[in-house]
Structure formats: structure tokens, C-alpha cells
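So this first bit is one chain, no partners, the form predicted on its own, shown in C-alpha cells.
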């Protein structure tokens, strides 16, 4: 009789725990990062006079349904996706800055500036034509400086994002270190910190957005994290990241705060931001400076061979510069007196506009990597758009892969409402059945007691 009662009691208890587990799964079906639980039961018994005596079942533990390999693949794809998204957003902003609907972009201003010398060649004595040269030169300079400013602003924004991202990474590492400790503490008490393990999944997913991490999950739920081959988190260690910046080149590096050792970050948001600051934006700035420097040298060379209307002094058209687009300017003498603009190769010979014609002819010269000036300007301002198109193709592919992997993960870790409702019905029936057995045992006990009495 006692064993019958114990079997009934254990059945009721297990059914109640099963109902609670199922209800918890259903409640958190839409909770981000939630991993469903499954109740594990084992038979319980005791040794009697005739051997083992069954006493029903008891709950042994909760099965935490995770697929670590799929989670690792999701982290990798998330790193790649974040890298592509940051780059796409940056080049999209540059594209907007470089190309407008006003017709005043770098290519149009380059063409108009050189064409103004063609107009001057036709009328070397014309003051309106000379004024036009100065006006178009100033518009060309404005276009150059606007492009240069857009690149510099983007680089400053990128550096700010790097600093912000490192702070976020360090906070995530601290959070994950705390979760490791929470999981260890629960394990020492013979419990499972399932809520902490759910949070750990979310934190790892978030961390993988910033940099290319490698994770190793231990059997007890703790996680080890390495970046660029360097371990930054283990049960006994946490290493935070710090940013170093070269004062001259503004080149950025990431190092371990404890040891100062440099680490390689090639993916995620941080990988994209570092590559943008150290390579992509530097290349754009260098190409713009090279274009301006080559054009200035050619214009100055031709201009210095000719003469203005008033004297025989050779002059450059553009001021001496350090090769930077940011310092581009017109010679002050020409701004103050447009008669000093050289249009003729022989002093005092009116109607000779061959110097102005030679400067206008620069538009057909391959002055930059096999490009004529206007061709290079078109190539330069359209390059961000071309990169955005290629990056967006990669983003679409990674999104498709993420959707597939997430679906695979949900098949294991996600809550299936149909399955949970079916489990709930089974536990309810088990509860009712155990309760019925207990009720029958009580009736039998009362009947026996009445007979004995």
C-alpha cells in the first residue's frame, strides 16, 4: 500500500514539474535568446525484502536544448554580416556626399575649370573670360575641398565609433565574466543557472557583432573567448581591450589592456571600422591628393610658360601647396589682378591664346593612373557607389544564411507551441491519472481499515 501511495505521489509531483516546465516554455516562446527546457525523469526505487521495489519516477534534471555548432556558425555569419553592414553604411554616406543632383560634383567642376581656359584661348583679352577662369577655379577648389571634408568627417566618425565599440566590447566581456561566475556558483550548489545561460547566448551573439570571436563552451556552461588567437575571457581571466592611435597617421590599433599586446581584428563592426580608418579612407584621401597634385602641377607648368597682359613675370596659377587637397588655392596675384592670368606664350602679342589652349588641353591628358582628369573624377566619386552595390550583395547572402541557420537553431532550441501544448496535455493526463491512483489507494486503505475495525 505504501509503495502504491508513493508511486501516485511521485507521479503527481513529476506531472506538476512537467506542467511548470511546459508553461515556462510557452510563456517565453517569443523571448529573445530563450532556450527551451525539457524535464528529465528517472525511475526511483528502494531495496525491499524481495529486491528492488519500484516507487514511480522522479525528476532528475532539466535538459537545456542547445546546438553549439549551429550557434558557432551563427556567430561567424553575424561577424561577417556586421562587417559588411558597417562598410556599406559608410560608403553609402560617402556616395551621398560625393554625388549630388546639382551638377556641381567634382567631375563637372573639373571639366568646367579646364573648359574656361578654352574659352579664354578664344578671347585672350576678354576680361569676362578671365573672370570666368577665376570663378570656375574657385568652384573647382570648393568641390575638391567638399570631397576632402567628407572623407575627413567620415574618418572622424569612424574613430569615434571604434572607441564606442571598444567600450561596448569591454562591457560585454565583463557581463560574460559575471555570467561565468553565476553559472559556476549555481553548479557548486548542485543547480543549473538556466536564465544566466540564456543571457550568455544573447551576450555572445551581441559580442560577435563587434569582432571575430572564437568560443569554447565547457560542459558546465562556462565559456572561453579568444580574439585573434589571444584569450580574452576564461573562468579565471578577463582581458579588456584598449585603443591606440598614431598621432601623425591616425592609424588605429587594438591591444590588450593588461599586457599591451596587439591583437588582430578582421571581422565584425570593429574589423570594418579599423579597415575603413586604416586603409579605405586613407586610400580615398591619398587618391584625391594625388589627383589634385598632378592636375595642379600640369596647370602650373603650362601657366608658368606664358604671360599675362601687363608684365613678363612668369607665375603659377595655383599657390605652392603640400600636395593636399585641403590646401588648394589660387595664386593671390591672379585673384587681385586677373590681367596676370597667362594666356599667351609671347609677351605683348595680342590674340595669341596658346597657353590657355594648352591648359584646356590637359583635359585629354592621362594624368592619373591612365585616366584623364574628368575620367578620374568620375571614377573617384562613383567608387563608393560601386562598393555599396558589391557589399549589399554580400549582405543579402549573409542574411539568407543567417535565416537558414536561425531556423535550424530554432528547431532545437526554440519553443514549438504545438509540441508544448501536446506535452501539457500529456502532463495533465498524467497528473489526473496519478491523482486517480492515489484516490483509489485511499479508498482501498479506508476499506481495509473498516474491515479490520
Partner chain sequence: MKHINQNRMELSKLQEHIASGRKITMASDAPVNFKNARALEQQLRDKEFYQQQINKAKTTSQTAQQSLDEIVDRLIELKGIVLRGGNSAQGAQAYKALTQEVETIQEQLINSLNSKDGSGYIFSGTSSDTVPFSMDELGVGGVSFNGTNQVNKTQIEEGIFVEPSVSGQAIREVGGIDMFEAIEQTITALSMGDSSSLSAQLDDYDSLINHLIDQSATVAFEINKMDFVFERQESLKNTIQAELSSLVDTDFAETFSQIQQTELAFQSAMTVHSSIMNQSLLDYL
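Positions refer to the first chain, counted from 1. All of these numbers come straight from a predicted model, not from anything done at the bench.
One more form of this protein, predicted in complex with its partner chain, exists but is not displayed; see below.
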May I ask whether 151, 158 and 162 all come within 4.5 angstroms of its partner chain in the model of the complex, judged by heavy atoms?
no
Contacting member of 118, 290, 314, 235, with respect to its partner chain in the model of the complex [4.5 Å, heavy atom]
118
Partner-contacting position among 80, 302, 198, 107 - heavy atom within 4.5 Å of its partner chain in the model of the complex
107
Pick from 141 to 149, 110 to 118, 163 to 171, 280 to 288: which stretch has non-hydrogen atoms within 4.5 Å of its partner chain in the model of the complex?
110 to 118
Just checking whether residue 366 would be counted as a contact of its partner chain in the model of the complex - the rule being heavy atoms within 4.5 angstroms.
no
In the model of the complex, is there a heavy atom of its partner chain that lies within 4.5 Å of any heavy atom of residue 189, even though the partner is absent here?
no
Report yes if any heavy atom of residue 425 sits within 4.5 Å of a heavy atom of its partner chain in the model of the complex; otherwise report no.
yes
Although the partner isn't part of this model, could you tell me whether residue 379 comes within 4.5 Å of its partner chain in the model of the complex, counting any heavy atom of the residue?
yes
Heavy atom within 4.5 Å of its partner chain in the model of the complex - qualifying residues of 123 to 158
123, 124, 125, 127
